[in-house]
Ligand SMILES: Cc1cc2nc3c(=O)[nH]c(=O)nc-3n(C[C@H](O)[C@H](O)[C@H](O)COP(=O)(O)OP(=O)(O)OC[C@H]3O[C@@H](n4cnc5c(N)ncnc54)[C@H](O)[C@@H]3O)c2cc1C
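Taking the form predicted alone, here's one chain by itself in structure tokens.
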Amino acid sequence: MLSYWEKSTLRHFDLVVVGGGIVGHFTALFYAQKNPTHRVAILERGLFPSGASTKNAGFACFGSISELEHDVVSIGKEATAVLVMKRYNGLKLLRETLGDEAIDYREVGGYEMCFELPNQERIDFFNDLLEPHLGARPYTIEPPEGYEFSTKVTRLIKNALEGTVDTGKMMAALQQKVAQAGVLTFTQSSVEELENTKKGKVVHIHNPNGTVAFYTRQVALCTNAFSRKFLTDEELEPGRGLVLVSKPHPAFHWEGSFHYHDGYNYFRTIDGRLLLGGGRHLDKPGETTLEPGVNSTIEKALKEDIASLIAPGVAVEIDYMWSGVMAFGSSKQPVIKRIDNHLVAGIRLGGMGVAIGAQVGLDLANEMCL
């Protein structure tokens, strides 16, 4: 049962953000900064964000060559350049808002592993495409020296403008920033229904204590793949990603964020451990799911990659693993749109939530302030 105070004050807001991940927090933050007298709430169904915001690998990246080649095919080269800049500007906004020290940002470079000698013309094409926008030519071909990778790795294509973050520190800094802006956060609050009214929405929530209704003028839907519950007509496909973390080993002393197999696989080191993830392409039907879990086929393949590609001859012991859920469509362009007079959505981040999340949040806040 609700008290008088809970009924009269704690259920009424100007904006309710559904989803307590990167996009949801940045949407709430930027909206609250633009509207300091408005009441703003974030609703998150889990104790921690339920998608991939705290379950990613901490890559501050905006696109390897092979990933961008797929983007050029699906959306064209000019749209690809625009998408890259949205990701790049999102990273800049993330860093400027929270500070590099708070998120442990390190511009250590992003590296794509090549198993054949790379084509310099490919590198030149993307440098030419992005230089007018970035003011730099980010891609260079590097020898794989100093990493002790397998001899199968012939070269590395480096993106000098990419790096890594500490995902836990990033989310903690973002939560603190949002709280300082006066935003209230409710975890373990699953939104079951968005009911329309003439003045806004009634947000029906289920939590461990029962059900409750929040009343708001606007709702921002920031639940990525989980948004299919409310947006049944939107092109939105979940994609689960597996991450393994090894026990500490002296071999894992190098820095950088690494990709291979067209960006589907990725790895880095952290605290003397190897962090390796991906492999979704090995079983796309099985990984097109909203459910957490470990795909044994992908787990086996990732462990084999450690022995055959990343750290041959090193006795690597996996300490633990987890999975997160992303959202994809026919292109990697995010969906940022107004659904009706009282509902906006920022979803389908294409596996680039760390890079693009802050920008999507800003775009949503701006949309609601028009």
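What you see is a predicted model; the values in this text were computed from it and never measured. Numbering starts at 1 and follows the sequence shown.
What comes next is about the form predicted together with the named molecule, which is not displayed.
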property: Stretch from 38-46, 337-345, 299-307, 63-71 whose residues place a heavy atom within 4.5 Å of the named molecule in the predicted bound form; result: 38-46
property: Residue contact check: Gln333 to the named molecule in the predicted bound form, 4.5 Å heavy atom; result: no
property: Partner proximity in the predicted bound form: Tyr31 to the named molecule, non-hydrogen atom cutoff 4.5 Å; result: no
property: Contact of Val16 with the named molecule in the predicted bound form (heavy atom, 4.5 Å); result: no
property: Any non-hydrogen atom of Leu282 within 4.5 angstroms of the named molecule in the predicted bound form; result: no
property: Three-residue site Val23, Val243 and Gly353 fully in contact with the named molecule in the predicted bound form at 4.5 Å by heavy atom; result: yes
property: Contact residue in the predicted bound form, chosen from Thr288, Gln176, Ser150, Ser190 - any heavy atom within 4.5 Å of the named molecule; result: Ser190
property: Heavy atom contacts to the named molecule in the predicted bound form at 4.5 Å, residues of 321-339 in sequence order; result: Gly324, Val325, Met326
